[in-house]
Every structure is written in C-alpha cells, then in structure tokens.
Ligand SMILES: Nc1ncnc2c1ncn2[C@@H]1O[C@H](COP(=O)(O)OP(=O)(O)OP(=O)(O)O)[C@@H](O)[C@H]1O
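A single chain comes next, written as structure tokens; it is the form predicted alone.
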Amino acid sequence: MDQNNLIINLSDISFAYPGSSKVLDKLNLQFHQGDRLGLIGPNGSGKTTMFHIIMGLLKPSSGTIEIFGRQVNGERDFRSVRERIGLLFQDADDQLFSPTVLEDVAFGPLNLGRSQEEAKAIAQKTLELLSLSGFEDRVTYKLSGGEKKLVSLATVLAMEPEILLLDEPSNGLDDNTKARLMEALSQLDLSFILISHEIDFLSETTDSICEMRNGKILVDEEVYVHPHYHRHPHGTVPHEHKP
C-alpha cells in the first residue's frame, strides 16, 4: 500500500486504566485511505480504548500517534483530527443530547461554522441517506434503540468526515434496521474501521477483518469468513455463536 495514503499510524501504543493492567500493549496499526477494516475481539481487548486514543479522548502511556501525515499530541492537535474523523460511540445515548432529531443532526454542521440553512439542509440530506426522512421532529429520547443508533450515525455523517470509527454499530439492531445500516455503509465513499462481534455483519461491510487480543492487533491472523451451516435439535431457542 502506498505510504502516501497512510491516514492513521499508531506505533507501540500502550495504555492502562488506573489500577488495572495494560489494556493496550505496544499496539501497532497502519490504516490507509480506502481501507474498510473490521475488528473483532473479546470484551476488554482494547478495541474501544484504541478508538478513544485516536480521537484524543484518552492519552497513551507510551507510543506515537500520526494522523493525516503528522504527529498529534495535545488537545489542539486533536481538535483538527475530530473535524476530519467521525466517531460513532457504542452507546447511542452518549451521542444524542438535543430535544429533536433534526437539532441533533444539525448540531455538528453548526458547530463547524455552517449557517442555520446549510446545517438544516445537510441534516435532512443525511437523514434521507439513512432512510430516516420524516424523523426530523421526533423526540430523541423516545426513539427505539435501533432508531437511536441510526440517528447517532446521522449526527456523525452530517459533519462530513473523511474517516469513520464505528464502535459496535449493529449491536442490538433488528434484522431490518441492520439491513438499512449495511446498505447505508455500502453507499458511503469513506474509509472506516468497524468494531463488531458479528462476523456476518463485518463480512458484508468491510474488506478485511483482523482480531484484537491482549492489547494488540494481530495483523498476521486476518480472519477469513466462510459460510456456516449447522443444525440444532432446538433451533428456535435463541443462542449465540462466539467468534
């Protein structure tokens, strides 16, 4: 891959929460323009922590972070990063805070200096992309879990980022909402890293899938997805498959 297309370069990143052992242990990641990377891994393996470090929400204890070709360190550096990289939080309630859907989706463009009219037009266009036309006046906290997820994604996309970091976007969605999300992601001309426990969802939305374990991305152990056929004696009973 052309190094000129290198967007995110994490080198030997380590991090531990107070009173805990290392969550990230000399993690390395090279993410290029055009990449659509899926990440799987057990809870506690450091996936969300890595996203928060990329966005400057957490500071690593060691290692270097280069984004868009330059090293970033302090808050001033990360402010410009946040204007170009959109983070979708795992919990939609951490992302939504305005009374109505339109206000929430328009907030980002307004914060970036767009006029009221421009922000409203961007918000409506983004809602249309996610098949959420007609949601403009809906009360945010009254939305279903799946609707909140899609509106949260709309708030991120409305800021017109160059890169997306998507933390468990399909978690808790019903099949129809998940299909709408997959269709929306397929239409985006954006590079992204997508965390999910759902192999089928990752196989439909990303170009490669890697595992994260023990605070590292196992780049030499790319996950290969294959069809899985099986039979259960009680197939209607809800059950779960671990990756």
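Quick caveat, the model's predicted, so the values are computed rather than measured. Residue indices: 1-based, along the sequence shown.
The same protein also exists as the form predicted in complex with this ligand; that form is not shown, yet it is the one meant from here on.
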May I ask you to state whether residue 10 is within 4.5 Å of this ligand in the predicted bound form, using heavy atom distances? no
Given that this ligand is not shown alongside this chain, does residue 38 nevertheless sit within 4.5 Å of it in the predicted bound form, heavy atom to heavy atom? no
Please determine whether residue 124 contacts this ligand in the predicted bound form, using a 4.5 Å cut-off between heavy atoms. no
Residue 197 near this ligand in the predicted bound form, any heavy atom under 4.5 Å? yes
In the predicted bound form, which of 62-70, 42-50, 178-186, 203-211 comes within 4.5 Å of this ligand (heavy atoms)? 42-50
Residue among 83, 147, 103, 168 with a heavy atom within 4.5 Å of this ligand in the predicted bound form: 168
At 4.5 angstroms, heavy atoms only, are 17, 23 and 90 all close to this ligand in the predicted bound form? yes
Any residue of 112-148 that, in the predicted bound form, places a heavy atom within 4.5 Å of this ligand: none
